[in-house]
Structures are given as structure tokens and as C-alpha cells.
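Just the one chain here, the form predicted on its own, laid out as C-alpha cells.
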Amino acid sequence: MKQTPLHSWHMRQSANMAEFGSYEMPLWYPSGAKSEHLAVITSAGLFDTSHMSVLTIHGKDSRLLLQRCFTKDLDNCIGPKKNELVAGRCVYGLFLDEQAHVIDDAIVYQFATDSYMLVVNAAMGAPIAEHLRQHSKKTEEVTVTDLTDKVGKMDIQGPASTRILSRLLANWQAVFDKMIYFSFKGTFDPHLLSAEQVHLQDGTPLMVSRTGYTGEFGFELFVAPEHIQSVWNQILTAGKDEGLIACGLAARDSLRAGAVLPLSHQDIGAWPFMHNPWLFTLPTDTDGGFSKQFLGAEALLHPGESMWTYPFAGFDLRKIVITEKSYVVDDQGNNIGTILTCATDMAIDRIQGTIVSLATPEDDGKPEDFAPRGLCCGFIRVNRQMEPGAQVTLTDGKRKIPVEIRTDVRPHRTARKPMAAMLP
């Protein structure tokens, strides 16, 4: 298994380690996955995400290639008015094949009209780079570079993130000024020119992106690999009094499930990308068609199979371990589909039938003494269309767990909160 630059730190902390995407990664630390999950909701958590792959695309035809291969229409994707992607902004979307099956999901960052960065999943740098090269025309001027294992990355997530980073960043007021959701500042690589440089007080250059994979307010940080251990330790020290703790993949999984965020190759994968909660990644226009041509578009317009993917939430913290023996059952006892993800969001519970979070204001129904037990949640893929509120049963052949089809799971998530409300 491969290792990130922080592997030795994880081992010294007695992290529970396991293989993920060909890397040996921490699942949780002695604090436990529940404590790590709750820290992100109430204070902050720090995740090692250097296993993610980074690519760069340069050349005057870079945008043209991305328009052909990436689902989002870069000319119509930012904000309610669907403005074009510009320098300093980033956008989430997919790479599909001709059958509209998901190769991987990604975030595209624009440094200039001829310079972009992609972040894809672990072990997907080479496949996505090859996919882009295959679909680049010989007459086009574009260079795709796979920077797998050449970029240090960590995510700080939670409402205390700005307070913690403000203690380390040089000129933090300028960094956080007008930093809206899915924007970024700075660079970890001098070849990726950025209008605004970002440094720690010790001079370390870094890229700060207001994104993440938890549904909560926070940042993804990119640094050169030789700086990552120093930056990691500085952040942990700066956040000690705020309740910041290191978090593993288990908390990352339960947080993203409660935030209705898919795991590539599990919730989206080798089947047509349709009838799911993430269709906002497609370049739909006002007429219900597509605003551009892209790989997979034709297959989406002429679908074959009909399966639907839905988020769900349970009524207690019990969950089903996903194996070849687990499936979804309707009220007649029929097997109607598969369980894609089943995790437990430990920050939520039901109060008189309504799901409430630790982040829910008391004025919106959170009891003063609220102590959530947690609810199972995740995604199912079934052979019929269902309405929110409908109930199905998850089973492994022995245990049965009733769950409710939802449009959303964990309420009052903070990812989109105005920066002004999160400043120190």
C-alpha cells in the first residue's frame, strides 16, 4: 500500500489504519469516530487527504477539452445566474464515458483561461489523465500533467476553521475577504499563477479552497509535500484550545453521508448517471436539454435501464453492513434494490418525527438538552420511483432496519454560511 507524507504521524498516534484507494489511511484515532464526527459539527476536525490525486491542464485549448469531457458547462455554472467559471473559482462535476457511466467525480479549479487544476479521487489521477489525453484532438494545444503524490493536501472542516487558520495565516483578513463558497486563493506551485498569494506567517505558500467533503464550513489546503508535516502540526497546535482534533476516514464517511454527498465508485459508478440527487452536475438548460455537448450526453438522452438512487435516514443509529447478502425490501417483502451507503450520522436525531442536528438553533426545534443518539443514513438504488417520506427496509437477510426516503438528511449544515458570519 502507498503512504501519504503524514503516515508516520498517524502511526505515532495509534490510528486504526486500513487500505483505501491503494493507500494505508487512518480510519479513526483513539478519540474514536464518534468524537471526530461531532468535532466537525461543533468545533473543527483535520483530515489527511493527500491520497487524493491532483492534475493540471495547461494550454490555449484547455477549456475546450474540459468542456468536452467534464459534465459542468464552464461557461454557465456559477451561482443562480449560471455565470462562467473564472479565475479563483472552482466547480464540482463528473467525468463520464460514452455510456454515461461515471469514471470519477472531480473539482475543477481555474487559475486562468488556459490553466486549470483538477482534484479527483485516490488512484484516479492516471486514469483521468489518460481519459483526457485520449479525447484531446491532435490539433489542440493542451498539456495534462498528473501530480499524484506530488501535492500535500489536508482539510480543516468545522465552524472554528477560520478562527484557527487566522492564527497562522499572514494577512488573514485579506485571505478571507469575500471568500465565497467554492472559491480559492493562493497556490502551492509557482507555475500555477494566482492573483492573490497566500502564506503562513512562517512564509510557507499554500492554496486555500473554501470547499470540503463534510457538508460543514471549512477549507481544503494544498501545500508542497515537503511542507505538509509542518503545516499539519501548526494547525493542530493553533486549534488545540478550539477543540480541533485529527479525524479519519470513518468520520469523513459518516459526515458526507449525512450531507448527501456521494462516494465515487460506490454511490455513483458503472451505470447511467440519472435518477439521483446529484443531477445538478449536468449542464441542463431552461428547456430541459443540455447547454453543451459532452461525453455521455447522448446516452443520457436515450437511457436504457431505469433505476433510481435515493438518500435515506433511519429511526435510530443501527446500520446494515453492506455485503452481497444485503438489499432493500418493500412493504410486500420484495427485493427492490441495493444499499449503496449505510453510515451513522452521530450529530442528528428525531424530535417528534423531525430530524434535528446539534447545529440546529433552539428556535428551530432543538431542545436545550439535546443529546443526539445518531441516525443511520446513506443511499439506496432501487427499481422504482419513490416519493420523500416513503419507507423501505434494509436487510442483510437476518436483521431488518426500517428507513425513510429523504431529499435531505442532516439539517442546518454550515458549508454555505456567509464568510462574515464565520470570521474571528
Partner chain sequence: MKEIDELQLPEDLGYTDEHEWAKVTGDTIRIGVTDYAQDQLGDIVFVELPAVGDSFEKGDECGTLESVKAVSELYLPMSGEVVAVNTDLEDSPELLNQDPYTNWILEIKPANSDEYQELLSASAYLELLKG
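Quick caveat: nothing in here was measured; it's all calculated off a predicted structure. Positions refer to the first chain, counted from 1.
The same protein also has a form predicted together with the partner chain, omitted here; what follows describes it.
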Spot the stretch among 66 to 74, 353 to 361, 47 to 55, 393 to 401 with residues whose non-hydrogen atoms come within 4.5 Å of the partner chain in the predicted complex.
393 to 401
Single option in Ala250, Met207, Val328, Val151 placed near the partner chain in the predicted complex, where near means a heavy atom within 4.5 Å:
Ala250
Quick one: of Leu301, Ala174, Val321, Val86, which gets a non-hydrogen atom within 4.5 angstroms of the partner chain in the predicted complex?
Val321
Consider Trp28 of the chain shown here, and say whether it contacts the partner chain in the predicted complex, taking contact as heavy atoms within 4.5 Å.
yes
Is there a non-hydrogen atom of Ala415 within 4.5 angstroms of a non-hydrogen atom of the partner chain in the predicted complex?
no
Is there any non-hydrogen atom of Val223 lying within 4.5 Å of the partner chain in the predicted complex?
no
Using heavy atoms and a 4.5 Å limit, would one call Ala33 a contact residue for the partner chain in the predicted complex?
yes
Restricting to 1 to 24, the residues within 4.5 Å of the partner chain in the predicted complex through any heavy atom are Ser14, Ala15, Asn16, Met17
